[in-house]
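In the form predicted alone, a lone chain appears below as structure tokens.
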């Protein structure tokens, strides 16, 4: 059995960066707002269309297209917050209500994308040029190298903002203990908009980076939603570090499966790995914050 170590390593790192971006957004939303955001796939697909519209009518420069996707994702996140979080967050059984509301919003939004843009897929221009970097026997292409660097930069900026800004500290306080945060005057509604804008922007970035390979379509967010939720569950909902570890595991598994068995077996091996992790650690790799939410 011949394994292309270079291909597997580069692909695993690229996927880990993109899946980690998605999973961290899912984890932050859950741990700070208690909302399982099922409209994350809709946010992902809409951000892809936002980037496509920017490339068609404003500029095809990579940074401009990426910024268009991030801003579109942030705007959709704010919309989801206004429709599926603010009106119901203080109602009984909010977790179930929020899940259903965000799922309904996702289904309606997907049909709206299908109505306005049609079923035909859209393509984005090359975001990072056409350069290649040879690292020994490994060749790092522009799309993968750009995706890795952009994901790391965006996540670093997001985590820095969470640690150093007033709004970021409010979000972290809600992630640690939402009840105590509300007692000291942190507004749930106001903070919710910041959370959803941040996580929507992360989904927008992931959408633009993945759309280089998988195109943009009304249903392009379904698989990323499943993988983002899976990685977040595997890492432990509420844990940024756990999400990153799980993203690396899923990325390595996907790259190895594609190289050894073929792409059609990726989801099978992926879910077997996640089930194995959850059997050993039912709360995920680093799922400790949900204990605090239950306290």
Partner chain sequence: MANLWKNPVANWSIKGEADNVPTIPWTSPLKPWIETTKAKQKLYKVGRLRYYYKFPGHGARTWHRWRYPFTRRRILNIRGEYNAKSLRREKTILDRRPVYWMLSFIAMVIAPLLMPGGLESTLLNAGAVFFIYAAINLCWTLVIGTAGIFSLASMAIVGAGAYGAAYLSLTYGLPWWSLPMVGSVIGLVFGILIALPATRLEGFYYALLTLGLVELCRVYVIQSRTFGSATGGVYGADSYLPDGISEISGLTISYYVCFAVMLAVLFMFRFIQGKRLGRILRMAPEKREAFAEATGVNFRWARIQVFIITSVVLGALGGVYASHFHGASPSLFSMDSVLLGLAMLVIGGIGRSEGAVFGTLVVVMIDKVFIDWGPLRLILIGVIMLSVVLFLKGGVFGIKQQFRAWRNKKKSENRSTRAEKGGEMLPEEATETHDKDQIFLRRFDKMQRDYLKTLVSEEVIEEHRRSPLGQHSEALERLLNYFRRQPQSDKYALEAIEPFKSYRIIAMSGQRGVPPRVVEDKIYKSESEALHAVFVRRVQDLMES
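The model shown is predicted, which means the values in this text are computed figures rather than measured ones. Numbering follows the first chain given and starts at 1.
Beyond the structure shown, there is the form predicted together with its partner chain, which is absent from this document and is the topic of what follows.
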Legend entry - 4.5 Å heavy atom contact with its partner chain in the predicted bound form for all of 100, 223 and 283: yes
Legend entry - Stretch in contact in the predicted bound form with its partner chain, which is absent here, among 168 to 176, 154 to 162, 105 to 113, 138 to 146 (heavy atoms within 4.5 Å): 105 to 113
Legend entry - in the predicted bound form, the residue from 252, 245, 67, 38 that sits within 4.5 Å of its partner chain by heavy atoms: 38
Inset, instruction - Note which of 229, 240, 53, 256 lies within 4.5 Å of its partner chain in the predicted bound form, where distance is taken over heavy atoms; exactly one does. - result: 229
Inset, instruction - Decide whether residue 79 counts as a contact residue for its partner chain in the predicted bound form under a heavy atom distance cut-off of 4.5 Å. - result: no
Inset, instruction - Verify the contact flag for residue 181: yes if a non-hydrogen atom of it lies within 4.5 Å of a non-hydrogen atom of its partner chain in the predicted bound form, no if not. - result: no
Inset, instruction - Answer yes if any heavy atom of residue 133 is within 4.5 Å of a heavy atom of its partner chain in the predicted bound form; otherwise answer no. - result: no
Inset, instruction - Verify the contact flag for residue 13: yes if a non-hydrogen atom of it lies within 4.5 Å of a non-hydrogen atom of its partner chain in the predicted bound form, no if not. - result: no
Inset, instruction - Could you list the residues in 249 to 270 that come within 4.5 Å of its partner chain in the predicted bound form, counting only heavy atoms and keeping sequence order? - result: 264, 267, 268
